[in-house]
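Starting off, we have a lone chain in the form predicted alone, written out as structure tokens.
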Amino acid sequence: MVAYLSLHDVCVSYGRNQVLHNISMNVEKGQIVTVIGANGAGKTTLINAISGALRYSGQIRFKDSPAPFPAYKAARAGIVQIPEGRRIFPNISVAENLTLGAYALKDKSQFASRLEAVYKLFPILEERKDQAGGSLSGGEQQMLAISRGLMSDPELILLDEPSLGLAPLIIQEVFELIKSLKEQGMTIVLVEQNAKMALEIADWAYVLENGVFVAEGSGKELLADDVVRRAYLGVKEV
């Protein structure tokens, strides 16, 4: 069976500095696939390569065709990245942020229904639709960033560190949202430093160290792996 998203021997360099080394991975339709690793391991670089934001060598295929490049073509093909740090537009309204998120929507007649869907998902955004994005709390800005991505009706969502800088209760809400997106049929690649929570919701997971995958398995398998537990889950003795 052909994977929904597949990478084969993908390498990415910044000048002479090679960051990813012969990365191969598969993502099946409807899965949550998690990539965990320390800062500087290459997680964001991996996401940026899949989304068409970076050039690479090797092969990335989406729905058994070469993944589109550059990023605007990938977005039109159904690949949407929710970037680290949210990167909403702080000086325009919530509604305007969402409107910009719909630029890659193939059927513009669906705009109203997409807007209704994200407001149903996050009622607080509808309440604050006329507020500047930068006036929202960190958790609300993350909701806005995810909703902006959903406005284009994506097939594959790339989530880069969605829990970064959020309070624990908000992090729990974000992970519940990710699970609900999967239940709605979304395919998700999740890059996350909160290894425990990311592995708990993962169908499959990879451990990235210095640009190389050093382990892979189901989320449950990696949660039980002694090396992963010591290195990423803060377990000193097993």
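What you see is a predicted model; the values in this text were computed from it and never measured. Throughout, we count residues from 1 along the sequence that is shown.
The same protein has a further form, the form predicted together with ligand ATP, not shown here; the description that follows concerns it.
Engineer: Report yes if any heavy atom of E84 sits within 4.5 Å of a heavy atom of ligand ATP in the predicted bound form; otherwise report no.
Structural biologist: The answer is yes: E84 has a heavy atom within 4.5 Å of ligand ATP.
Engineer: Using a 4.5 Å heavy atom cut-off, state whether N26 contacts ligand ATP in the predicted bound form.
Structural biologist: Judged by the heavy-atom cut-off of 4.5 Å, N26 is well away from ligand ATP in the predicted bound form.
Engineer: Does the 4.5 Å heavy atom contact test between A41 and ligand ATP in the predicted bound form come out positive?
Structural biologist: Yes, A41 sits close enough to ligand ATP in the predicted bound form that at least one of its heavy atoms falls within 4.5 Å.
Engineer: Applying a 4.5 Å heavy atom distance criterion, does T45 contact ligand ATP in the predicted bound form?
Structural biologist: Contact check for T45: yes, within 4.5 Å of ligand ATP in the predicted bound form.
Engineer: Where, among 32 to 40, 55 to 63, 197 to 205, 173 to 181, do residues come within 4.5 Å of ligand ATP in the predicted bound form by heavy atom distance?
Structural biologist: Going by heavy atoms within 4.5 Å, the stretch is 32 to 40.
Engineer: For ligand ATP, considered in the predicted bound form: do all three of S113, E155 and M186 come within 4.5 Å of it, counting heavy atoms only?
Structural biologist: Zero of three within 4.5 Å in the predicted bound form.
Engineer: Using a 4.5 Å heavy atom cutoff, which residues in 185 to 209 contact ligand ATP in the predicted bound form? It's fine if the answer is none.
Structural biologist: Sequence-ordered list has one entry, Q193.
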